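Here you get one chain, nothing else, as structure tokens; it is the form predicted on its own.
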Amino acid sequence: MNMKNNKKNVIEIKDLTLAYGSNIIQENLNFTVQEQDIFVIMGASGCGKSSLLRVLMGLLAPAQGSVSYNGVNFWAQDENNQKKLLRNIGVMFQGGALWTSRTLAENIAIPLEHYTNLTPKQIVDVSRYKLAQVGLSDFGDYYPSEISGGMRKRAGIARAMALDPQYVFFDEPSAGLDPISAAQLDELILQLRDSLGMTMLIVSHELASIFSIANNSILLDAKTKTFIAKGSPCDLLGSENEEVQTFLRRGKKKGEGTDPLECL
């Protein structure tokens, strides 16, 4: 799924190092995300994907380097300006992270109650509209325990979109779903990107989803503590790097058998 390369850079990572104390997780990260990209951060478990997402979300300060949104270096700003920048980011947490004591509509209402001056009636209307955008228009009065895992993920996306952010970050969106539900969630992500023009950044190691939705990506490596590949996952299938092939082909070598995930 190639997109014309005439988009502007909206997220820029320069010389980024992630560390917990003296323990370096990733270093020398340099990449850009363009507007309306579906950009995937991929890699095996323990390589630092979630740590990188935390830095991008403002939850973990980098040991070195910068993260810029539309040319503004997030980590060089004071707390008030950081909060303003974060208003442009919505996050869909792994599993949905919904409040179990609130209905789906009430969950979507939480950021609207805290960060807008909308009236209660307007908040209800916006919450219902966001649920409709993810195919849950009839489920606003349901509690998270009353719906399926895939529906909870959709509700989590609706809450992430509550404030109409420019960027939406997803942490392992299809993890734990059966193949059909995962494919339906991938289709929803594509539809929302196309209809709303948002930029999406996704942490994932689910190859089926990666090949279905990503137009750009980086592959983090725990051994070298940096990324070893950058670009469209489909293009990376042609890489001569053995570690890249091992990840993208589930252990197969290039040219070894037929890969069901191979891009057409």
Partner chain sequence: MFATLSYTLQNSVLSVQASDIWRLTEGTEKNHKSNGKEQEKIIQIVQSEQCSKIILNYSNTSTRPQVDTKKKFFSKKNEKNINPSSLETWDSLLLAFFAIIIENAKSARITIDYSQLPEKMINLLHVELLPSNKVKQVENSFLENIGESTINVSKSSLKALDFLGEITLALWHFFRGKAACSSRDIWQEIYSCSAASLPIISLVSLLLGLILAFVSALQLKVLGAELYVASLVSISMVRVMGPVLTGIVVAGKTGASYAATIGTMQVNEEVDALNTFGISPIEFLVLPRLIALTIMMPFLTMYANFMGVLGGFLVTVFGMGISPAAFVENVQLMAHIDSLWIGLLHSLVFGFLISLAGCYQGLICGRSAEAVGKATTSAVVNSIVGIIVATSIITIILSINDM
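So that the term is clear: the rigid core is the largest set of C-alpha atoms that superpose within 1.5 Å between two forms. From a predicted model like this one, the values you see are computed outputs, not experimental measurements. Numbering follows the first chain given and starts at 1.
From this point on, the text means the form predicted in complex with its partner chain, which you will not see here.
Residues within 4.5 angstroms of its partner chain in the predicted bound form, judged by any non-hydrogen atom, belong to 35-43 and to none of the other stretches in 201-209, 48-56, 230-238, 35-43. Contact between residue 195 and its partner chain in the predicted bound form is found at the 4.5 Å heavy atom cutoff. A residue is said to contact a partner when one of its heavy atoms sits within 4.5 Å of a partner heavy atom; residue 148 fails this definition for its partner chain in the predicted bound form, lying far away. Looking at residue 130, you'd find a heavy atom of it within 4.5 angstroms of its partner chain in the predicted bound form. Heavy atoms of residue 176 never reach within 4.5 Å of its partner chain in the predicted bound form, leaving it off the interface. Using a 4.5 angstroms heavy atom cutoff to its partner chain in the predicted bound form, all of 118, 122 and 142 count as contacting.
Contacts with its partner chain in the predicted bound form, taken as any heavy atom within 4.5 Å, map to no residue of 212-247. Once both forms are fitted on their core, a CA shift of 2 Å or more is seen for residue 129 between the shown form and the other one.
The Cα shift for residue 157 between the shown form and the other one, taken after rigid core superposition, is 2 angstroms or larger.
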